[in-house]
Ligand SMILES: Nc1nc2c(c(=O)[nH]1)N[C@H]1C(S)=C(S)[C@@H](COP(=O)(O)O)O[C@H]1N2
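Just the one chain here, the form predicted alone, laid out as structure tokens.
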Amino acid sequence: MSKTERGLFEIYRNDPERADALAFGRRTGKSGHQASRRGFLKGAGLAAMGAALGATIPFARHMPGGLVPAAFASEHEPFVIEGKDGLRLLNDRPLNAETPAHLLDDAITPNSRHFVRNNGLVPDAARAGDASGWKLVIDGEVDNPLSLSLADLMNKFVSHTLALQVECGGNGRASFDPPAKGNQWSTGAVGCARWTGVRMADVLRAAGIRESAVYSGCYGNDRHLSGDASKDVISRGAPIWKMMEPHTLLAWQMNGEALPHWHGFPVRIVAPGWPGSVSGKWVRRIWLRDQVHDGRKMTGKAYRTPAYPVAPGEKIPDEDWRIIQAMPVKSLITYPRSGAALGVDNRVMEVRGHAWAGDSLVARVDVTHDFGATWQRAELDTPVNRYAWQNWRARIRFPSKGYYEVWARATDDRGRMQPFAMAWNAKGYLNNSMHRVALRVPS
């Protein structure tokens, strides 16, 4: 009988204490049963784990039971994508790719390092950079339906340039246990680019919004995977108040350049702080509705979470699913890269990254290097404008050589704090658990 191969995370998921024993050597108590992790890590198992990591673990006594060391969370090799630098491919049809955390260190995410989340195929005109035939229709609950060219947007409305953070609603899905279906994003489905365009509010006002308008519905020019031109790829929307928020843009530039074809050329919506699916790309129509939009991927369980905590496999009535709106508070460590080592005779490291909080502001970021036993407040910048992510940094002094993990924890201005681990949900959305990186201090 052949053996079934099991990965490290599967072993830890099923029986973390046994996983420690299998990976790093067994330690038993007087009764013959395996000891708990804290007991196990006092003996040969701790030495074996340290050998695997290439260093001793000064704060091993604080390690939570069943914790998979961050150093073992291996990354996939980069896949070459046109116009992109070092992104990891999750799917090629449609193309979905994320950016490793250490490549998101810039305060403004370069076009080449901004994640890609597509539901269909890029329009041919977008690939060719041809906007000559493009029109944007604004209709529905309006008194003055509009049909606008790119020149109309540029010349008839005031343009604005804003740094705006966009994140996929499924960012962090790979960390859910048991796994949730969908693209297995780790931490890199997020970016903060500088977008240039017009305020959505100005365009909708020009169309004469009726009091009956309560929701928007967006339609794009992307092509359905089946090739059937009559099928919508995705058609999502948001409440009118979010569309009228002054930071929601109809953008035609990304970091001073025409939108790359991956990112919605010639025009896209940027509705920051909400799941990226609301920021429709290759937009051709905005339909104002007198009801919640019911386009493709707006109904059922798409981009929705249960209204209450659920157990894996639990049946959830349809009426108990809620549409995702603002994204939760979150932080990311972008320097150093996980697995890095400090220089010889150096025990001080500056750690830095970004933090964001949906429609809110980040009030503080704290870091720990001893598995959460103590926390150190990081220096936190104010955003360059509302809805830009906030940069942070902290100088950490390590007490001795060995293996360490640095964890980051953000808290928003309403007191909501990142958890160590996020409660499971069936669609794998809104995972804002703390980011961890592994470090080694050689001497």
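Note that the coordinates shown come from a computational prediction; the quantities given were computed from them, not determined experimentally. The first residue of the shown sequence is 1; numbering continues from there.
This next part talks about the form predicted together with the ligand, which is not shown.
Only one segment in the set 332 to 340, 173 to 181, 271 to 279, 314 to 322 has any non-hydrogen atom within 4.5 angstroms of the ligand in the model of the complex, and it is 271 to 279. Of the residues given (Thr305, Ser149, Asn255, Asn118), Asn118 alone sits with a heavy atom within 4.5 Å of the ligand in the model of the complex.
For the options Val310, Ala125, Met349, Ile234, the residue carrying a heavy atom within 4.5 angstroms of the ligand in the model of the complex is Ile234.
The ligand is not drawn, but in the model of the complex it has a heavy atom within 4.5 Å of Trp262. When contacts are judged by a 4.5 Å heavy atom cut-off, Cys168 counts as touching the ligand in the model of the complex. Taking the partner from the other structure, the ligand in the model of the complex has no heavy atom within 4.5 Å of any heavy atom of His369.
Put simply, Gly353 is far from the ligand in the model of the complex: not one heavy atom of it is within 4.5 Å.
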